[in-house]
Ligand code: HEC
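In structure tokens, one chain follows: the form predicted on its own.
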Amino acid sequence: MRRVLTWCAVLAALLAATVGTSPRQSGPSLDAQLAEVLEAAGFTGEVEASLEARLGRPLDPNKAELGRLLFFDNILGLHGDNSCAGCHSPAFGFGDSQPMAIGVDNNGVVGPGRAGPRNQRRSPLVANTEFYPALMWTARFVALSGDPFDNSLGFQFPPPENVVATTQTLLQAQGSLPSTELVEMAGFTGITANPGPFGPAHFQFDDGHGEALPAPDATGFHNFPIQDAVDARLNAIEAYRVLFGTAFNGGVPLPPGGITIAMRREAIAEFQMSLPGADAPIDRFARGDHDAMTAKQKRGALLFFGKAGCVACHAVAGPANEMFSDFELHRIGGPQLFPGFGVGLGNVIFDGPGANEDFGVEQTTGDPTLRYMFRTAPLRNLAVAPAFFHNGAFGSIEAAIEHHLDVIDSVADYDPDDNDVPADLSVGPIDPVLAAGIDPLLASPISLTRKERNELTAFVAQALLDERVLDFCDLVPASVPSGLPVALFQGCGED
């Protein structure tokens, strides 16, 4: 697994030297100072506009519209009880409405009132994910070239998919996988797990009459039985064959059996790529609109790129694609949460002797040296999220920042009630996490005044928010081609 890029630390040191220990306070000098720092960091504010050039084509509106309907349709869940939007709510920037995700066996509500067994981590925001070279909290899906638009070296997946070399982008390759995840969309009945060294490696899906469907092929991807079952469900619906024909067959409806996994993942990715999310105040400032940010946000930006050292991990240059993440693995000592002890509280058996820990990347790789490590979270549009960190341990951006500034003090004083942690989540042990060692970049406290902390929080919460994400509820369809009910989305005009 990749390690932290050394240029991040070098860049942080360079910028700290440029900015100094305290940014100048207001006026043109503040603008000039921030403009200079952003240029040194390689931040242009133009990443969203680069999409068409990176793809080598314009977005296809027919594929995007098909992907939108698929995204909201429970048909992709084998038991018809969850859609992509169930864990990626439009009212929350197409991110999780919960501190820790609730997937299958939910109550049909998406929002604060969602109920059902917990998974293990929270679902990330969808907007901008086309620019991510590593997807998921444990970087399970990685562009080996370092570029999510370059498949020349393949896209690395864990077993049984392994390396996928048949899609244009990493986001397309990942787009069909949620249907195979038991806790997200597949469910548990009718499936026999065949364990690999680090957990279930592949599954046999019962046809309902006691006969197992075909096993995966050598790659484990194209003939994955769960994927075949999803394709069969879609092919049985004439309305979908018409829509897929419009998107992939020149307007001619596809015959039964014509809808494939490749089409599904391409359509879903096309919809995700059509979502705006990278034209925040910081982007507009970088392009020359110096009135796009307040003086407070500008001072917070100078702290972010300088004294506070945030850019060392929440990078913007090179493979970071201006997403405020280096997409590398770090151990930052976050509190552990798990779904208590009791029937129906969780869909996942947690790690550790008390089944109350999350071993992070070790789950994916089997490497104990990567225990408690997670991929750096991108920071764009976090203002619409209800909780932060991989498990929702912190209930505000301010609290999450405070943890980064002093990890030991943060975990010593951690109170789930202060962070709006739901009552069904309990706090796991922190001593093993600290004993494993904190990332050197966070090992020593970072001293900021209360004013500086407020400025840093204002930058992350406000200057990285693209307000177009507040309009995502407009994308909720009134109905979907399967005829299955669309979930109740709280915050989208629904109670």
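Note that this is a predicted model, so its numbers are computed, not measured. From 1 onward, residues are counted along the sequence shown.
Just so you know, the form predicted in complex with the named molecule exists too; it's not on screen, but the next bit is about it.
Chemist: R122, I268 and L442: each with a heavy atom within 4.5 Å of the named molecule in the model of the complex?
Modeler: Yes, because R122, I268 and L442 each have a heavy atom that approaches the named molecule to within 4.5 Å in the model of the complex.
Chemist: Find the only residue in R241, H404, R233, R371 having a heavy atom within 4.5 Å of the named molecule in the model of the complex.
Modeler: That would be H404.
Chemist: Please pick, from Q297, N321, T169, T129, the one residue with any non-hydrogen atom lying within 4.5 angstroms of the named molecule in the model of the complex.
Modeler: When the named molecule is considered in the model of the complex, the option within 4.5 Å is T129.
Chemist: Closest heavy atom of D279 to the named molecule in the model of the complex, within 4.5 Å or not?
Modeler: No, D279 stays farther than 4.5 Å from the named molecule in the model of the complex.
Chemist: Are any of the heavy atoms in V469 no more than 4.5 Å from a heavy atom of the named molecule in the model of the complex?
Modeler: Result no; V469 lies far from the named molecule in the model of the complex.
Chemist: Applying a 4.5 Å heavy atom distance criterion, does P148 contact the named molecule in the model of the complex?
Modeler: Output for P148 is no: heavy atoms all beyond 4.5 Å of the named molecule.
Chemist: Under a 4.5 Å heavy atom criterion, is S83 part of the interface with the named molecule in the model of the complex?
Modeler: The answer is yes: S83 has a heavy atom within 4.5 Å of the named molecule.
Chemist: Pick the stretch from 151 to 159, 415 to 423, 283 to 291, 100 to 108 whose residues have a heavy atom within 4.5 Å of the named molecule in the model of the complex.
Modeler: That would be stretch 100 to 108.
Chemist: Quick one: which residues from 457 to 491 get a non-hydrogen atom within 4.5 Å of the named molecule in the model of the complex?
Modeler: Residue within 4.5 Å: V460, and no other.
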